[in-house]
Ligand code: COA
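Heads up, the chain below is alone and in the form predicted on its own; it's given as structure tokens.
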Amino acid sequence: MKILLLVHSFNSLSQRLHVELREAGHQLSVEFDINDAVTAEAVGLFQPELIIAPFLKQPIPPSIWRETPCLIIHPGPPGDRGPSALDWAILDNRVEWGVTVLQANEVMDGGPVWAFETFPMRTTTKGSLYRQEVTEAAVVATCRAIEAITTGHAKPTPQSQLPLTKTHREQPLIRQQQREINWQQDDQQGLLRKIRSADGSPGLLDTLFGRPYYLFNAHPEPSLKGRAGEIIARSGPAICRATCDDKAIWIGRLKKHGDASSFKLSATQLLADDLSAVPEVPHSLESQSGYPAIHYQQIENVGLLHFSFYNGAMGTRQCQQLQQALQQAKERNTQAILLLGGPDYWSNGMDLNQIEAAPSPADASWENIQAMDELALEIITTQHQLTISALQGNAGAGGVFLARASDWLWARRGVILNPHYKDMGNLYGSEYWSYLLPHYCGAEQAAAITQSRLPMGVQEGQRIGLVDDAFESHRDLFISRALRKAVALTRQPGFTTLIHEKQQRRTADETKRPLASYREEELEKMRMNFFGFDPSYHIARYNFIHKIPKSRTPVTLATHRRVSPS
């Protein structure tokens, strides 16, 4: 079918659907819902047989849904309505939730239902639920709806005929006061639900040192305690605040309230002047103390390195810490090291928020990319262990090439890759991609990968050599199987030969062309991006950080707006 994706932004769900529907053989185009006139123009140009709206912030015009079937993906079960579906589900501590694919009509979220999927709720943030359970359920339900439409064997069911319960109802837009924190009454789990229900956007408003901030990225602290509401410790980017039930929570990110130019930064950075008397809790790789960004465990002779950085952003300090953790793993009795990233993201490359906040964003960019390169080099030059990047979550930009620096790249089914820099002001990119991509994918594919601006699924990644293996859709099953595969590699009789051949390849490659020359060439281009006369990168970064709405849909997505050569 010719399918138009109508979106407010090309978010994680939209990207996943774009990948899945392309793989299924559909002809796809994308349009941002900038205004009704632009949407109508897109429909006129593309002439879609079906419109799918995975993420909208305004209703589809009646003139469109009356002429073309329009499927709305709502992150709630049948009967649930309103713009804060997941927020309420987390706040109300639901044990089960769902996704509904319904047909657009005159009632917002009230059209007949083509398909729906339910899932058990996980104790986590709104964003994590959206990227995992909601996305998986949406893909299944959307594909089922498309099949019903194309075969003509089914009709949508009016919501009035569905068995609705009191738990599935129309919910209003949630307001800050409806999840306002009371540090003297809210226990640890209640506080986590409130903050997690607002994580991503808009954040939960609270007061710190007499100033209002939005709170993000909350985690439970298992042992520290103090007077309710008191900041009792700091660790890495996070502050620890005591709760009324003799427990505490870590808060990793803050955003200033009342400042239109503000954006999310680490809590310890924004509150640096206020924290001098607050004790610091060091985080050990194998302990549960401190803020849990990097964690190491060892099973038999395989080291598992978990690193979960907020939104997958890896600033200079995060890269250095991960490099140190990898060096420590190498010094242990390990034969293989699994680089597992986090549950939602493996890595999205440089920390653009941190760069934007720096006195000189150009200098901060340069420091960050150098740290990324040092980490990539540490992986590439690992001599005595096999390195395996096991992607349980998505990866983008330099994070993809960092993952490819390992001997193997395994990915969970459903993971989305964005192996390109172009959308960030035509960045050239580094992380030794000019060495890695031709080696694994061939020169022609390497050029195509870096020039493309489309998301890639792991099936396509396997076809072109970027991904070595893809398996399991469930995160826990993926980690378990990755560990079994890694252990099996180390147990095989030819393991010593495998390591020896790896060392020989690296020596031969270095003799042919030193790694340093690839890095120098890449960084020379990056230097022009950061310090040159073209401000495209700095403008694109500013627009990204400050969420400046798109004024048009890029032609890489809007195929209907490409001008054919005459």
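Residue numbers run from 1 along the displayed sequence. None of the values given here were measured: they were computed from a predicted structure.
The same protein also has a form predicted together with the named molecule, omitted here; what follows describes it.
- Within this chain, N418 lines the site of the named molecule in the predicted complex, having a heavy atom no more than 4.5 Å away.
- In the predicted complex, the named molecule sits within 4.5 Å of a heavy atom belonging to N11.
- Among residues of the shown chain, D80 is not one whose heavy atoms approach the named molecule to within 4.5 Å in the predicted complex.
- Taking non-hydrogen atoms only, Q15 approaches the named molecule to within 4.5 angstroms in the predicted complex.
- Note on the interface: of 475 to 483, 319 to 327, 392 to 400, 174 to 182, the segment with non-hydrogen atoms within 4.5 angstroms of the named molecule in the predicted complex is 392 to 400.
- Using a 4.5 Å cut-off to the named molecule in the predicted complex, each of R131, L352 and M424 places a heavy atom inside that distance.
- Proximity to the named molecule in the predicted complex, taken as a non-hydrogen atom within 4.5 angstroms, holds for one residue of T243, S197, N348, S266, which is N348.
- Of the candidates T490, N311, Q298, Q459, N311 is the one whose heavy atoms come within 4.5 Å of the named molecule in the predicted complex; the others do not.
- In sequence order, F544, K547 are the residues of 528 to 558 having a heavy atom within 4.5 Å of the named molecule in the predicted complex; the partner itself is omitted from this view.
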